[in-house]
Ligand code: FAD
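To begin, one chain is listed below as structure tokens, in the form predicted on its own.
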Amino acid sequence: MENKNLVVGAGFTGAVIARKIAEELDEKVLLIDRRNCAAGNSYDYKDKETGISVHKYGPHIFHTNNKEVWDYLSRFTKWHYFFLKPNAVIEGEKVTLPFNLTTIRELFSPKMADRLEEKLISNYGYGIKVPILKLKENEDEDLKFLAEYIYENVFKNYTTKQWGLKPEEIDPTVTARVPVYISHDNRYFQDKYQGIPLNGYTKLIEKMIDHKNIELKLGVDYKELKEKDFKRIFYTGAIDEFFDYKYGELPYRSLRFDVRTLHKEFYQKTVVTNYPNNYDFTRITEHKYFLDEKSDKTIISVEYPEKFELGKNERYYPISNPENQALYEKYQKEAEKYPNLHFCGRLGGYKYYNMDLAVEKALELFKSLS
């Protein structure tokens, strides 16, 4: 394949870019991934013993308001329509998550719940999501009490376990992802389009990259690749690793999963249960709920956040704060010296992207190619 494009990483970002170039520009693409499977952290598989689909790297529910993104992915999959309705253990009771008006009634007396609901709606409106750190600024005594209760029982310890930092030490765009929702809508996401690929994420990605102009090589690291003379390179790996950490390592959080097959039909009443205050893990996922699969056994994943360490575990979440952003910008300036080299995706851009935003950014990047 002469003058071909190289795409490093076969997750959503890399797969979309590879397909767009192969299909619309009719150019050859070499797609590589250091893992022995495609789909990145959205990789899933069918457990042979139970027939249950397992999300290996944690629960993935696709959701978006972007019709272009939804329609593009729908070319490669049918959907199992799915609304995530998790719960959380607070004071030993499993209650609705996200923390909303339903949760208030599950935790407090009817009289107090009425008062809190009325004040929340009058201060912020109905259907509004309020970041917990913003709610803490309210001067009303009842709302101050509620904010402190949520902060202590739902937010603080979970955030500390997840990020290894206090909430105040994390970029507000990250902490805003876990708001108080002034609504009785118990769905975790309110996007127009929500679902899980009917045959799984891995099959979706495999179908996307099944094209005559795409050559896929798995178990191949970019640094081990002999040929590096390409028309364009799209790099979805870690930008600091690409430049041999010349300015230092960009910090990440990682995850460890304890996956268990249990000899019972169900373990919990919903797909995800969060444990903000108890234990060292953050949540338990029960996988059979994703595609409503039937089995007399079940599979759960117990999720433990941990610090990312080179050679020990995988990068999951960029830690967003001013110091780390300044370090990333040094690498970004270095990258600007190479006009045909594009850093993209969560690791390349050192930014937390949901799957839909990863696809959206990949589509935008393709449109910008000259």
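Just so we're clear, the structure is a prediction, and the values are computed from it rather than from any experiment. For every residue, the number given is its place in the sequence shown, counted from 1.
Not pictured, yet referred to below: the form predicted together with the ligand.
Using a 4.5 Å cut-off to the ligand in the predicted complex, not one of D185, Q194 and D292 places a heavy atom inside that distance. Between 244 to 252, 215 to 223, 122 to 130, 109 to 117, the stretch whose residues reach within 4.5 angstroms of the ligand in the predicted complex through a non-hydrogen atom is 215 to 223. For the candidate set K46, K28, K330, R34, a heavy atom within 4.5 Å of the ligand in the predicted complex is found for exactly one residue, namely R34. The contact residue chosen from Q325, N41, N313, N66 relative to the ligand in the predicted complex is N41, the criterion being a non-hydrogen atom within 4.5 angstroms.
Remark: L347 counts among the residues lining the ligand in the predicted complex, judged by a heavy atom distance of 4.5 Å or less. Contact between G237 and the ligand in the predicted complex is found at the 4.5 Å heavy atom cutoff. When contacts are judged by a 4.5 Å heavy atom cut-off, K288 does not count as touching the ligand in the predicted complex.
Contact annotation: H60 falls within 4.5 Å of the ligand in the predicted complex, judged by heavy atom distances. Taking a 4.5 Å heavy atom cutoff to the ligand in the predicted complex, the one contacting residue in 266 to 293 is R283.
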